[in-house]
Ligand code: NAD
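Read the single chain below, which is given as structure tokens and is the form predicted alone.
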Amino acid sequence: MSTAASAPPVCVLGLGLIGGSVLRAAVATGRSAWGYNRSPQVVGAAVADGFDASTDLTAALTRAADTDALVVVAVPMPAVDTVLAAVAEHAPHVALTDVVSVKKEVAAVVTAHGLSARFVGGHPMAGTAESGWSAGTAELFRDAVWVVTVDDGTDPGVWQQVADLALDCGSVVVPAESGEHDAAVARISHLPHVLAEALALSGAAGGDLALGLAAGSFRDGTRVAATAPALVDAMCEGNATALLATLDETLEVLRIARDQLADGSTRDLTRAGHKARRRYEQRERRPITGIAPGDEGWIERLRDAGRRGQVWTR
């Protein structure tokens, strides 16, 4: 784990579930850390819980620039442009990362603001159906996967800083190129949200009898439908191209399954689905070895390791 003396301070912009948990986890490691949120109510709650937080974005960024802090953008995708405009004005040379669930669109906005030289994208694969500061916890990222992007031109020093923050928060790091990340999360994060909403609608359409009979499979299948709709919109709409391709693929699977059921069988779907689930359950987290950020070919080598399911650990 990084020591408070050697690790850079952390400035978190946005104190919802994920950003608030980053602030809590960073402080728990002994780092100097502070946060910004535009809502006085959120900032008041954070301060009441003993954390350093403010509604003054300029002051938060000026402090980050003065202390060479790692700035973490933790606002929903629709607010990213405004926040990055402030970063470009007040702290253009800081090491910069984010925790937004899409990566290509964030990287494009970062580039538009001239901040790409010291930016490395991030996405902790953790969360709950709850949202807001009060839902956060320093343990949210414990044993979770945290994607740290390895796009062309990535600064190895900033990459190491972002990876160290993820590790300090208790995660393991999966390196991935931004476009490959977006295609992957369309399948395992954004599509499940769409399917959960559809399943919730199906249950509700059955009336009180159907909902009264609903048990584990319905509860688990619709869990993420409890997420605030605006947050789901930001995720899905921000990754529309990849999600549309994945949704079309899934609709074709369902169409074939529907035709087979009309002929009296669900066998192909259930066997294939069971096999796929077992593959997920039996996966192993093999550590990445023999690669150091900045080595010749390190970006492509880390991408390849991530594609193979390997993880960066200490």
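Quick note: we count residues from 1 along the sequence shown, nothing fancier. Because the structure is a prediction, the values reported are computed rather than measured.
There is also a form predicted together with nicotinamide-adenine-dinucleotide; it is not shown, and the following applies to it.
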field: in the model of the complex, Ser116 touching nicotinamide-adenine-dinucleotide (heavy atom, 4.5 Å)
entry: no
- Contact of Thr128 with nicotinamide-adenine-dinucleotide in the model of the complex (heavy atom, 4.5 Å): yes
Query raised in the report: Would Arg63 sit within 4.5 Å of nicotinamide-adenine-dinucleotide in the model of the complex, counting heavy atoms only?
Result: no
Quiz item: Quick one: does Leu302 come within 4.5 Å of nicotinamide-adenine-dinucleotide in the model of the complex, counting heavy atoms only?
Solution: no
Only one of 157-165, 210-218, 85-93, 100-108 has residues with a heavy atom within 4.5 Å of nicotinamide-adenine-dinucleotide in the model of the complex, and that stretch is 100-108
With the partner omitted here, the residue among Ala183, Ala144, Ala79, Leu195 that in the model of the complex has a heavy atom within 4.5 Å of nicotinamide-adenine-dinucleotide is Ala79
Answer key: of Ala176, Val173, Ala242, Val75, within 4.5 Å of nicotinamide-adenine-dinucleotide in the model of the complex (heavy atoms) is Val75
In sequence order, the residues of 108-125 that place a heavy atom within 4.5 Å of nicotinamide-adenine-dinucleotide in the model of the complex are His123, Pro124
